[in-house]
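Before any questions on binding or motion, here is one chain by itself as structure tokens, the form predicted on its own.
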Amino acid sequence: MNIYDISKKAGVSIATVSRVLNNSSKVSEQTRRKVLAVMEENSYTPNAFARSLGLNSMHTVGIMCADSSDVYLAQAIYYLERELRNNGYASMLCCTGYQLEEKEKYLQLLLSRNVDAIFFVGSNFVEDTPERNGYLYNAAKKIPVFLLNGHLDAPNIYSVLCDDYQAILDITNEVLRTGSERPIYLYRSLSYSGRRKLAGFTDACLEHGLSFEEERSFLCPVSLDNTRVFLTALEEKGVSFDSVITSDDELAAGAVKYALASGRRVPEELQITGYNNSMFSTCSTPEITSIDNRVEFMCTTAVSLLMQAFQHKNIPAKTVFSGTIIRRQTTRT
């Protein structure tokens, strides 16, 4: 039982419950008695951690991400914390790594702190079976759960995400229309988002009549130099490619390093595309054509929806928006 549950049972806003806990004079005596009665019926006491922050009610939202050193995830965390702060909420961040056991452990930690909701940032939190997603379903029985760049269909789980499938389909089609005949795709994981991106690349190739007798997609070690070494090894094995579509900008920047080291002209001999429109795309020379998946818009939308949920308004279970191709110097026009 947390402040969200109290507000729902009493039929008032979370802000009203907070005022009751703070003995504010802005609450009518009738409303105060109603809220206190619900608290007594459910044996609710304000969380000690919240008291230590001087909140007297949680007004705190959990944020879970796998790795805060990841440029994309770090951006998302910044925007979420900014928007929550602007709405009067504190945040608690847990960096979980990628193992399910660690995700479950940190989720329980946040729930024990009686947070009012949790944002799961990144599609790696969506597992591949209902059983492995049980930790998300169980959390949603207690508080609102928001998946950023992932999707699950279940009560009290809300998804806000870019259409990764369509974005990669579009950018691959554009590269193929400008003369590429031997594209390859580099990715770092097959998370929910990763699977959608791979499907977009595959379908674009099929639309252009390209066969898959030879492998076209490759799981690549993450780091600029590892990507360079990986592509060099592919070339030495006889894998022929004239474009490299990637699942993120860091892989694309590694592909640029490969091109420079191997003497292949970009984009005349090798086209390269990234994803996320991060600093990697603009710090590279040449600058990298990328997909802007609008991370700031995603986060501001998610926080806005959460505030509406706290006010007991109906909000969509799934909000999907389009990515935009940002054309730079690594693709032909």
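For clarity, a rigid core is taken as the largest C-alpha set superposing within 1.5 Å between two forms. Just so it is clear, the structure is predicted and the values come from calculations on it, not from any experiment. Just count from 1 along the sequence shown to find any residue number.
Missing here is the form predicted in complex with another copy of the chain; even so, the following discussion is about that form.
Contact annotation for Phe212: none of its heavy atoms lies within 4.5 Å of another copy of the chain in the predicted complex. Taking the partner from elsewhere, Pro221 is found to have every heavy atom lying beyond 4.5 Å of another copy of the chain in the predicted complex. Taking the partner from the other structure, another copy of the chain in the predicted complex has a heavy atom within 4.5 Å of a heavy atom of Cys94.
Interface residue remark: Gly134 is not counted as part of the site for another copy of the chain in the predicted complex, having no heavy atom within 4.5 Å. With another copy of the chain omitted here, the record of contacts in the predicted complex names 250-258 of 119-127, 159-167, 184-192, 250-258, defined by a heavy atom within 4.5 Å. Screening Ala90, Leu176, Val239, Ala140 for any heavy atom within 4.5 Å of another copy of the chain in the predicted complex leaves a single hit, Ala90. The single contact residue among Ser304, Asn42, Thr285, Ser28, judged by any heavy atom lying within 4.5 Å of another copy of the chain in the predicted complex, is Thr285. Annotation: in the predicted complex, residues Phe230, Leu234 and Asp292 none come within 4.5 Å of another copy of the chain through any heavy atom. With contact defined as any non-hydrogen atom lying within 4.5 angstroms of another copy of the chain in the predicted complex, the contacting residues in 108-129 are Leu109, Arg113, given in sequence order.
Core-superposed comparison between this form and the one not shown: CA of Ser13 displaced by 2 Å or more. Panel note: the distance between the CA atoms of Ala15 and Ser112 is smaller in the predicted complex than in this form, the difference being 3 Å or more.
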